[in-house]
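A single chain comes next, written as structure tokens; it is the form predicted alone.
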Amino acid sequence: MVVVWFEQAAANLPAGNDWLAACEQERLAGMRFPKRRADWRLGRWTAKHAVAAYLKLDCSPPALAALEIRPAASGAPQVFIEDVPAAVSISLSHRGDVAACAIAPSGAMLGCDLELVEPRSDAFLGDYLTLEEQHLVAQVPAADRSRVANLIWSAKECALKALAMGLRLDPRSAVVTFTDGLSGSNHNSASPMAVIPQPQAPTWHPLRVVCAARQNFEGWWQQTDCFLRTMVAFPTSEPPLIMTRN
């Protein structure tokens, strides 16, 4: 299966909202907080351009307004074109002034996450990481712990999105493991950093998320600058294709 990754920055957003469907404009008007409004607009702009590029559609404001991103009962995003469900699955994420959309064929279970490499407290690790994952973070050199901790958390977020559960499911029920892309060794190896490669953009590195009594996922991660990009999918996908559109 092919998964496509599409990003847009806040600087790409137009001032007006004529590219939003009428009901989307109503929803936006009901948001009280400026940051929430800005994040939501950027997510919708990114998703609509991703779908338009993926399906080779026009991306003029009227065409984008006919392409609506609606939340399912679970909260997961669904795509409709002129009120007809589109043959795609999408997952959204945003961090800072950048939003990402992963897109795959209809029916795929898909989750993506865009994360900054930033410090995480011991309390955070205890709330969201298993004891084994906490041990892995503790074993790596101090300078790399933020990257590894955020990478594990990001992979969990992807799996919870793919399951359409979010934080309704305990993140510690999703266990993240990594392979080095060569030997297939997992993080139970005696040398953790030997199996979590240093980032070499634009390489995608493999990962796996095992979800207790639920669907397990294969996925990929990549780091460029301070951003981690992470995704999981079922059926299993090739490394995501980075797509751009002016």
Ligand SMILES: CC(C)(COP(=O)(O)OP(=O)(O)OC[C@H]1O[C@@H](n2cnc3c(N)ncnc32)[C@H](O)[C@@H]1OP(=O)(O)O)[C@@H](O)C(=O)NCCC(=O)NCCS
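Worth saying up front: this structure is predicted, and the values here are computed from it rather than measured. Note that residue numbering follows the sequence shown and begins at 1.
If you look for the form predicted in complex with this ligand, you will not find it shown, but the lines that follow are about it.
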| query | finding |
| --- | --- |
| Contact segment among 81-89, 101-109, 165-173, 130-138, judged by heavy atoms lying within 4.5 Å of this ligand in the predicted complex | 165-173 |
| Site test, E24, K48 and E68 vs this ligand in the predicted complex, non-hydrogen atom cutoff 4.5 Å | no |
| 4.5 Å heavy atom contact, S74 to this ligand in the predicted complex | yes |
| Heavy atom of N150 within 4.5 Å of this ligand in the predicted complex | no |
| Contact flag, H205 vs this ligand in the predicted complex, heavy atom cut 4.5 Å | no |
| Close approach of H94 to this ligand in the predicted complex, 4.5 Å, heavy atom | yes |
| Residues of stretch 138-158 in contact with this ligand in the predicted complex (4.5 Å, non-hydrogen atom) | E157 |
